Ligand SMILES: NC(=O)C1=CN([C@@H]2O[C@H](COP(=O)(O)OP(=O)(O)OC[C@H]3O[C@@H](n4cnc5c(N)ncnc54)[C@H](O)[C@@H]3O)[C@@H](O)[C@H]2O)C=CC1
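A single chain comes next, written as structure tokens; it is the form predicted on its own.
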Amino acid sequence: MATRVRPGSKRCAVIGGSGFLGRHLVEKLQDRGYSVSVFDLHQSYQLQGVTFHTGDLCDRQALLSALQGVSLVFHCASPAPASDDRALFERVNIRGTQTVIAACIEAGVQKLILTSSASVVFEGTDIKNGREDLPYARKPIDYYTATKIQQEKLVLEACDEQNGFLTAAIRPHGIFGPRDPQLVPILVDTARRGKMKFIIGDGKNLVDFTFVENVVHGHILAAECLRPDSPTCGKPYHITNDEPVRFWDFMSDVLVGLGYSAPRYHLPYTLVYGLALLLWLLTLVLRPVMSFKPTFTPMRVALAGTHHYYSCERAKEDLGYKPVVSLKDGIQRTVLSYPHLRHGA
């Protein structure tokens, strides 16, 4: 095992630091005086003072070289939930995470913070003010959720106070903000194709959307509170804006802010979910001979038509967490950051 880095060191690494959340995290860590290195498959930007290491998450030697002298690691790497590639999810979220844990221990890293997901407890039915003691989903609704459950278990079970390797997991939900490559671009693309006219269900379901700076804030608080004998050791934490909002109101605010029409017509939830399930099964049957991706998967329909919002009480009590950007301000800042996606642009 490598010589353990001295306690209090502000050298950290962000695995997946070229991604949406990772880059925001890197920038905020620099603002707080950390010396930051990034490990990712590709380097997508340059930032003065940040060291980049490119490599495969499953390559232990590549990780080891990136973790030398590092005391704190944030593991943000994961395929996009919409990719629907079981082999990729298993390789990155499970085998990759096993490699990250082994490399951290060998390199003498003291703290590992995982970016998990609130979806690990979601089975497609209502969750209202859900706490972290909810059981993991017994019937995960997609490959992303199934592998994130295993990933979180691996990281939390690796917490070893006796040997000085501490872990915690952050469970954000509905991350959005500037540079987001998923939620807003997909929403706009759907609107441009004329497919954002319908509301699934009665439109009254409350959900959490979380501005990216609040997710970053939760990660850093968890890292700084993670000490031997602290309640943070081996625990997951929900991090949200703590402002549940109607799903379709949020979507409408973003769409209208970018110059598109808000959805108006209602479709029965059970009908749309049933059709999505049939299409998903059809893609499995036809996958050997042809490939297509339906617009609505069972997970997307469930997220659009059910209540799913989560309690931040544990994060407030253990980490001193409170959102630093309100939902209203977050939406406004996000809309302003996408001038190229405005209607008619």
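Residue indices: 1-based, along the sequence shown. Please read these numbers as outputs of a predicted model, since none were measured by experiment.
Separately, the form predicted together with the ligand exists; it is not shown, and the next lines address it.
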Note to self: I'd like to know whether residue 172 contacts the ligand in the predicted bound form, with contact meaning heavy atoms within 4.5 angstroms.
What the structure shows: yes
Notebook entry, point to check: Is there any non-hydrogen atom of residue 21 lying within 4.5 Å of the ligand in the predicted bound form?
Noted result: yes
Checklist line | the ligand contact at residue 57 in the predicted bound form, heavy atom, 4.5 Å | finding: yes
Notebook entry, point to check: Given that the partner is absent here, does residue 78 sit within 4.5 Å of the ligand in the predicted bound form, heavy atoms only?
Noted result: yes
Notebook entry, point to check: Which one, 125, 129, 182, 83, lies within 4.5 Å of the ligand in the predicted bound form by heavy atoms?
Noted result: 182
Item checked: Among the candidates 71, 116, 97, 241, the residue which, in the predicted bound form, approaches the ligand to within 4.5 Å (heavy atoms) -> 116
Notebook entry, point to check: Based on heavy atom distances of at most 4.5 Å to the ligand in the predicted bound form, which listed stretch, 279-287, 38-46, 313-321, 25-33, is the contact stretch?
Noted result: 38-46
Margin query: Where, within 148-167, is there a heavy atom within 4.5 Å of the ligand in the predicted bound form? Residue list please.
Written below: 148
